[in-house]
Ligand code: PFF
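Form predicted alone, single chain, as structure tokens, below.
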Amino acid sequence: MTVERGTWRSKLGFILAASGSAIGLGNIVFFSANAYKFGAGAFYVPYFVALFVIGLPIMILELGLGRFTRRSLPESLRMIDGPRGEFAGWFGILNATIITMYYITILGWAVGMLVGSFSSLWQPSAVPAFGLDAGVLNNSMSYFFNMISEYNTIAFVALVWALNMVVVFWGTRSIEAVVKIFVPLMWVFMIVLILRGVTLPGGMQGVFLLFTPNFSVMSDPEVWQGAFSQMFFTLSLGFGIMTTYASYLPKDSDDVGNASSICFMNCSFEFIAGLAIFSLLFAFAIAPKASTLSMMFFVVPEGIAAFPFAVKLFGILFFVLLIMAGLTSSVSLVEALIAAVLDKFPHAGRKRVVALVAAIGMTGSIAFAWPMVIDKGLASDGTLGLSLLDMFDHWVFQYGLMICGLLECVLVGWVYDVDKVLAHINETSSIKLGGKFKVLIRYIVPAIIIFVIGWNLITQELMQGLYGTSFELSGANWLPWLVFAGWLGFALGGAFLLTRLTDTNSEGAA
């Protein structure tokens, strides 16, 4: 049995959907945090190297793979290397599913902060979180930790899942309609924040710092590791998203041109976000922290709270921007999973698959939002849900995404005939790729990924111990090991099970 696949109504709709997937929460705050941490303007050097050596080639590969096979990631890799390829594809999809679960939890928290923007979030005095003494936390931190320790926050997470289900219910048609509104609005909102930041006293000093390089950091391998790791996340590589979205394209689409457009829009948005964040924060001598959560919920709100006027307006604007950017990304994550299931079980029907994904996904998101307080002193993460999120993010982000990218390069570059994929890409692309692209996919990109994974293993797991074992977990010291086993069990065990199940229907689904 075959399933009728959706198609994008226009090239613009695809570009906006793909760039909307790439433009997410990390673009707004994480680039600024990394730039501050890794030499300000000097970070552009490893950033652009990572873009052209890893980001663009893998983006072209994933788009070409999707358009070539007309299938989502697991089925695409199955066509290349049979069950082993499908297993690799399911590993990537299930690893990304964990990201989907906690990403939507973070969006739920952003909704909670938006609700707070209409009430007590911007008031000068805060109710201390977890009974800590007043003055230990700033207002936004107190509000955030009080919010995530309450069970009604789960309702915000459920709301975000409901919004995602509405957007993906009709497939490409409804996704395209939403991104045509949200993506342009994100640019407008960000430009407003830039104009406000650079017109604040001291705001331009932050802009100057962003473009003032400190090249002494270039010898630090951590800088390059940070740039390469960020490139996977910022361009939605290793998630299975780009392969899925490309499978909905017409056969004569330009993979190189599309990849270049997506990368350009994503990186441009990231740069203007850097301008906004640096100008807003340095106007009030607030240093960025290299953490997406702290930047979103503590640092940037602290800067906004110091505005001389219109605090509530700009606070609302900031959280609306976060929610729109997050939704365009979470929708793509959900759609990648739905498409993969439908490709393997076309008889299930889209409605039933959407309902199943929502049920499983919401269960995971609620776990990441669980408000039980396990660290009243906030020596680590405070609640059980946030601790789970922190530890799972370590494995799926720093290892899972890169492993998926490595497997794609090995399967296409070595197991399959890369020349066939290259010929398919060149057939309709305005810019023709040659031997350099093959060298990148076969040798350079895998070598870089292996270096980054090895660097993380040595500097973090071997030298510092398993991630999370140093946290304050109030009698739950076994949790880091459970999280590590849970990641492997869900991603690897689930991939094995789904591969075996689809073996019985492989011909019908192909």
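From 1 onward, residues are counted along the sequence shown. Remember, predicted model here, so these are calculated numbers, not experimental data.
This protein has a second form, the form predicted together with the named molecule, left out of what is shown; the following refers to that one.
Undergrad: Checking a candidate spot here: are A22, Y103 and I241 all in contact with the named molecule in the predicted bound form (at least one heavy atom each within 4.5 Å)?
TA: All of them do, each having a heavy atom within 4.5 Å of the partner.
Undergrad: Spot the stretch among 170-178, 205-213, 431-439, 329-337 with residues whose non-hydrogen atoms come within 4.5 Å of the named molecule in the predicted bound form.
TA: Comparing against the named molecule in the predicted bound form, the contact stretch is 329-337.
Undergrad: Answer with yes or no whether N27 is in contact with the named molecule in the predicted bound form, where contact means some heavy atom within 4.5 Å.
TA: Yes, N27 sits close enough to the named molecule in the predicted bound form that at least one of its heavy atoms falls within 4.5 Å.
Undergrad: Should F233 be counted as a contact of the named molecule in the predicted bound form, where contact means heavy atoms within 4.5 Å?
TA: So F233 counts as contacting the named molecule.
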